[in-house]
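In the block that follows, a single chain appears as structure tokens, in the form predicted on its own.
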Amino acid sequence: MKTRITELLGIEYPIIQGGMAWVATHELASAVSNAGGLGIIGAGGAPASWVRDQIQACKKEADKPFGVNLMLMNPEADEIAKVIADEKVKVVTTGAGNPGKYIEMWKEAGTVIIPVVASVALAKLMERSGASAVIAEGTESGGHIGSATTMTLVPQVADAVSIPVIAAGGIADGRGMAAAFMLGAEAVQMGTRFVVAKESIAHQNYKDRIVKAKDIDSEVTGLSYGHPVRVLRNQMTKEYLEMEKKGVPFEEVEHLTLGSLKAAVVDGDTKRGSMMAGQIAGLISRNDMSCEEIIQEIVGDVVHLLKTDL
């Protein structure tokens, strides 16, 4: 399946794995890359030393390109950006800010820069700044989200920039990927679907909760505070939303979520853990498939739906 993204990244299929903190480790990234997609190591809030170790482990496990996702709010963002350049990682995706100050360094290292954007304005800015592509992520996504839907955001971004656009948010099967192509995207990024892959280190409780999720089981916390996060509902989200509705200051509510993502992913706490997942979780019914099986199923469906070998 050839698009400008597959040519740019040197991958077989235009499928990118989301850089999910605590979930997107070298085990998952290398499995996705070896299956023909682009695996991503999620730096999240981790220290630079951890990111370097993950990169080096992935190099040993994958003989194909992989990337790193840098959350620009990370206290060690400057150090991680340098690690990415030093290790000559093929691709970097960024979120929660403008990566402009790192672009020259990354370009000198030969790293392809792909920021995540939630608006046309930011997509245009990233193109002017030297990004090679952008990920247009709709509000259907799990984790930190914007306000525009994938259906509305992707075509507007595709019309506004000349660089390739990757669609993200609410995509978990061949139908979603085919629809993304029709909207003007040249690749898709998926997070929730890969959380339940065999190679994912996410706790089995977390995976089981995604498989059991219904279409209405995700909620957005922190919207009124300007920090919207999409998660699967549980006791923690119930308490959070009740406090948010009462107008409790953000600083007092934040304690509910401190360490909660690790609690869900690593410890399997489905009551008080932050189970980040997209609205598409209700479509996912299996957690026994490998990354290769997931990618092959999706690609096969896309070829059938579009009636083309692409």
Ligand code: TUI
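All residue numbers refer to positions in the sequence shown, first residue = 1. This structure is a prediction, so every number in the text was calculated from the model and none was measured.
Although not depicted, the form predicted in complex with this ligand is the subject of the following passage.
Note on the interface: of 75-83, 110-118, 236-244, 177-185, the segment with non-hydrogen atoms within 4.5 angstroms of this ligand in the predicted bound form is 110-118. A single residue from the set 35, 40, 276, 265 has any heavy atom within 4.5 angstroms of this ligand in the predicted bound form; that residue is 276. This chain is drawn without this ligand; in the predicted bound form, the residue among 124, 227, 212, 198 with a heavy atom within 4.5 Å of it is 227. In the predicted bound form, residue 95 approaches this ligand with a heavy atom inside 4.5 Å. Taking the partner from elsewhere, residue 155 is found to have every heavy atom lying beyond 4.5 Å of this ligand in the predicted bound form.
Put simply, residue 130 is far from this ligand in the predicted bound form: not one heavy atom of it is within 4.5 Å.
In the predicted bound form, this ligand sits beyond 4.5 Å of every heavy atom of residue 172. Residue 261 is the only member of 245-275 with a non-hydrogen atom no more than 4.5 angstroms from this ligand in the predicted bound form.
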